[in-house]
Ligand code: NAD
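What follows is one chain in structure tokens, specifically the form predicted alone.
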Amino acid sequence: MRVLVTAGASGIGHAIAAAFSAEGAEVWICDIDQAALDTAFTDDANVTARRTDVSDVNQVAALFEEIHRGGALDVLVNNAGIGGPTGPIETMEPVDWQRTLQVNLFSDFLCCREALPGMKARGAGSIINISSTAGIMGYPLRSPYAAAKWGVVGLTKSLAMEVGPSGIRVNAICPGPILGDRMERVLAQESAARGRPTAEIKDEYTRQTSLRSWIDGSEIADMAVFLASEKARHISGQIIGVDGNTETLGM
């Protein structure tokens, strides 16, 4: 099995890449963070790492040209994403809004565009898009992030219909609040925007889920491996929450 995980050097992407490697897959990861790439999977012969900005057309094309020298991908995991700005929409800069959609949605299009010809030629493949609970609910003060993640859901549903006849499955995972550095940054931004202590906002996130829980990145990885497996051969077009059942988001 040949797998690409975007933004695979840290966080959820690292967990997903590690899980596929543990299954014996040939794993490619890309990331914009060279420092993270330098320390990720240094002792894992199954993993090949390349620095790539997946919102850049030319960089994505160059990455796939290298990957495809060894054959088509079996699995594409579109994991790259940024939190984007936090605040009332009238205070946001257009460049920040645009960058959020470029990284969180446009990159998925670019990678799917490059991966699909090889998958179609083989008559098989699995695309797993990482959306968010913000992709199925409103998210005040995080409008560009929510808009992008709703877009990922729309892309997933549409693409599953488009490529299903070619034997390719497309699904999306919607993580809840994930333990880790990225979410700590989000909490700090929300604390500043709302004028409330970070600890209160973190507790609010906990209470927004039915299970009163935060999610570990390994749980997203487990779902990704399952969706790529033969056990999920008839699962496509699905938007799957791994989130403790989020009841509400935001203020």
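Predicted, not measured: the structure shown is a model, and the values here were computed from it. Residues carry their position along the shown sequence, with the first being 1.
Here the subject shifts to the form predicted in complex with nicotinamide-adenine-dinucleotide, a form of this protein not shown in this document.
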Using a 4.5 angstroms cut-off on non-hydrogen atoms, would Arg194 count as touching nicotinamide-adenine-dinucleotide in the model of the complex? no
Looking at the partner-bound form in the model of the complex, is Gly241 within 4.5 Å of nicotinamide-adenine-dinucleotide by any heavy atom? no
At 4.5 Å between heavy atoms, is Lys149 in contact with nicotinamide-adenine-dinucleotide in the model of the complex? yes
Residue-level question: is Ile128 within 4.5 Å of nicotinamide-adenine-dinucleotide in the model of the complex, judged on heavy atoms? no
Answer among 112-120, 72-80, 89-97, 163-171 for heavy atoms within 4.5 Å of nicotinamide-adenine-dinucleotide in the model of the complex: the stretch 72-80
So which of Leu159, Ile178, Leu141, Ile136 reaches within 4.5 angstroms of nicotinamide-adenine-dinucleotide in the model of the complex, heavy atom to heavy atom? Ile178
nicotinamide-adenine-dinucleotide: the contacting residue among Ala49, Ile32, Ile201, Val225 in the model of the complex [heavy atom, 4.5 Å]: Ile32
Would Ile12, Tyr145 and Arg185 all count as contacting nicotinamide-adenine-dinucleotide in the model of the complex, using a 4.5 Å heavy atom cut-off? yes
